[in-house]
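Form predicted alone, single chain, as structure tokens, below.
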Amino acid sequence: MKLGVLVNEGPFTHQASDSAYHFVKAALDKGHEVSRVFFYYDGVNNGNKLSAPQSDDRNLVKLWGKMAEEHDLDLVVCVAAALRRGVSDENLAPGFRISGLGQLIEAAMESERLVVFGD
């Protein structure tokens, strides 16, 4: 199955980001295709390389980036939401790219399912 994923919450304020990460990991492990993960609203903070969680906490920014590298996964951060939250090309984590809402629409159209995490 071809899936698109929308993440609307940040990595430290809500369970949605963790759930999205584990969902995508499980889908890829089962052989499903994930066409794109689109980060919107506070979800754009998943792509901020300036976040610094404690050493004994999970680091979702790095985990997403590693997954993108291993699976050639397209991680897209919404440009308008990112700029409102101080996320720009200068502090974008490896594996992520900034683009517009058209990328979300394209992911929804090309996928059999669009799975949404967060409000």
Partner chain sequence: MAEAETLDDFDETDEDVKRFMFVNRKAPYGTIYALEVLEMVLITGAFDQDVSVAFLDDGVFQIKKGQDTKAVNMKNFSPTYRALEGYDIEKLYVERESMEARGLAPEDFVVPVKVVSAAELADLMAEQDVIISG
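What you are looking at is a predicted structure, and each value in this text was computed from that prediction instead of being measured. Residue numbers count along the first chain shown, from 1.
In what follows, reference is made to the form predicted in complex with the partner chain, a form of this protein that is not presented.
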Exercise. Using heavy atoms and a 4.5 Å cut-off, decide whether 22, 76 and 92 all contact the partner chain in the model of the complex.
Key: no
**Message:** My question is simply whether residue 5 lines the interface with the partner chain in the model of the complex - judged by any non-hydrogen atom within 4.5 Å.
**Reply:** no
Margin query: I'd like to know whether residue 81 contacts the partner chain in the model of the complex, with contact meaning heavy atoms within 4.5 angstroms.
Written below: yes
**Report entry** Heavy atom of residue 111 within 4.5 Å of the partner chain in the model of the complex
**Finding:** yes
- Spell out, yes or no, whether the shortest heavy atom distance between residue 16 and the partner chain in the model of the complex is within 4.5 Å. no
Among 27-35, 47-55, 82-90, 67-75, the stretch whose residues bring a heavy atom within 4.5 Å of the partner chain in the model of the complex is 82-90
Contacts from 40-56 to the partner chain in the model of the complex (any heavy atom within 4.5 Å), listed N to C, are 40, 41
